[in-house]
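Next up: a single chain in structure tokens, the form predicted alone.
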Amino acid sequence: MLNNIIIDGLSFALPLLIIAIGGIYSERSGITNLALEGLLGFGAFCGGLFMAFLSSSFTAAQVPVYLSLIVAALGGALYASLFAVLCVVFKANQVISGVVINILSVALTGFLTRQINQNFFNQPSDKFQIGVFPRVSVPFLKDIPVLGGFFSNFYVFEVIILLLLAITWYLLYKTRFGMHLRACGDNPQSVDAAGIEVNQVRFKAVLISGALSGIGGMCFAYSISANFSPTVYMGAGFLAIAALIFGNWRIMPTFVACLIFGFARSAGNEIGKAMKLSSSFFDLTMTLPYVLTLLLLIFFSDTNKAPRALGEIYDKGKR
């Protein structure tokens, strides 16, 4: 039971983490990003579309699976460019823009999926079958009591996400670009005074946010149902926002928050199985991450310190 909690918890927590990191990049630059749900969905749609049309063109079965993550990242970044144009170029309200992006993504991907399946595959379906992502276990380590669950039967994309965690942490905290990005969220006037184009940095941050969200969405599509469907819009984007707020807009505390949410979800799942609950009560146990989110935000809201310029439209003329 404990091994199952660890295995399933990681498969949920790590895709949630990469989406939350995308949100951190956007919000640390000063752009409030409620569009994570739409970005992850559109990225997963692009990856699923790639698998539907081109997966059979490869002799090695696992090659398109990994390429689909790249396609999902590109699709998420492309869709995020629409959000960036609204918020950065046209200076639209960031909250309303995020809500619109989410609604549009659900409607657009659902419509396109049905039309593509009907016209190209003669199937009246709103799903793209994408298969199962490879799972591996580490010999010897998987046999360690308790800790062996971390090395047993895990998706390879979890390793990819951990590598991205290291890369994004380094980029945000140890590079000049990361310093400029964080400064844009705290004091954009000083960034402008230093000769750095604030809107350009923010635009790039939103694109990174979209790319990371697309990868997370594709990983959820692989791990939850082995297909792209509207079920990928399951509130993970909003849960990622809660995780980054609880993590105080910092990557490593957000990592901890995502692990808490992931293990709470998998523990609820295992409790439901162990108690042989009916479907209605079983669904209730799956709300544990969201209940936990509310409790954490209530008790830790006083310690949260958002970027000082978060949500503020930067106007160079008012410097």
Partner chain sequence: MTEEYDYIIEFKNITKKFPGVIANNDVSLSIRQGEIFALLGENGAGKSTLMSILFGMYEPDQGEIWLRGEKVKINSPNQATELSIGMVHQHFKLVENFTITENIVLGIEPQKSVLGLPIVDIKGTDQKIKDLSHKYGLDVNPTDLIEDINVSTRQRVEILKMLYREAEILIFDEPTAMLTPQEIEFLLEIIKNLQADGKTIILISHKLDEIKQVADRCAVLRHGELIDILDVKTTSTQTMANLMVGKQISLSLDKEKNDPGKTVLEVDNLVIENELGIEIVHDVSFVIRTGEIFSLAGVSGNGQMEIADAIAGLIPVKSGKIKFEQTEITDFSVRDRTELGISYIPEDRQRFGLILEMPLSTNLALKSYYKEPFSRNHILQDRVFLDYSDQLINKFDIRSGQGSATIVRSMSGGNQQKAIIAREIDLDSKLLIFVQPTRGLDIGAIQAVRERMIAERDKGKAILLVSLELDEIMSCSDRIGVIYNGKLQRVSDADLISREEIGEAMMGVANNEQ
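Residue numbers count along the first chain shown, from 1. Predicted model only: the values in this text are computed from it and were never measured.
Separately, the form predicted in complex with its partner chain exists; it is not shown, and the next lines address it.
The candidate spot formed by Y170, V191 and K305 lies fully in contact with its partner chain in the predicted complex, as each residue has a heavy atom within 4.5 Å of it. At the 4.5 Å threshold, heavy atoms of M179 reach its partner chain in the predicted complex. When contacts are judged by a 4.5 Å heavy atom cut-off, K91 does not count as touching its partner chain in the predicted complex. The closest non-hydrogen atom of V106 lies beyond 4.5 Å of its partner chain in the predicted complex. A residue is said to contact a partner when one of its heavy atoms sits within 4.5 Å of a partner heavy atom; I144 fails this definition for its partner chain in the predicted complex, lying far away. Only one segment in the set 131-139, 183-191, 240-248, 113-121 has residues whose heavy atoms sit within 4.5 Å of its partner chain in the predicted complex; it is 183-191. With the partner removed from view, the residue among I196, V99, L165, M234 that has a non-hydrogen atom within 4.5 Å of its partner chain in the predicted complex turns out to be I196. Taking a 4.5 Å heavy atom cutoff to its partner chain in the predicted complex, the one contacting residue in 11-47 is R28.
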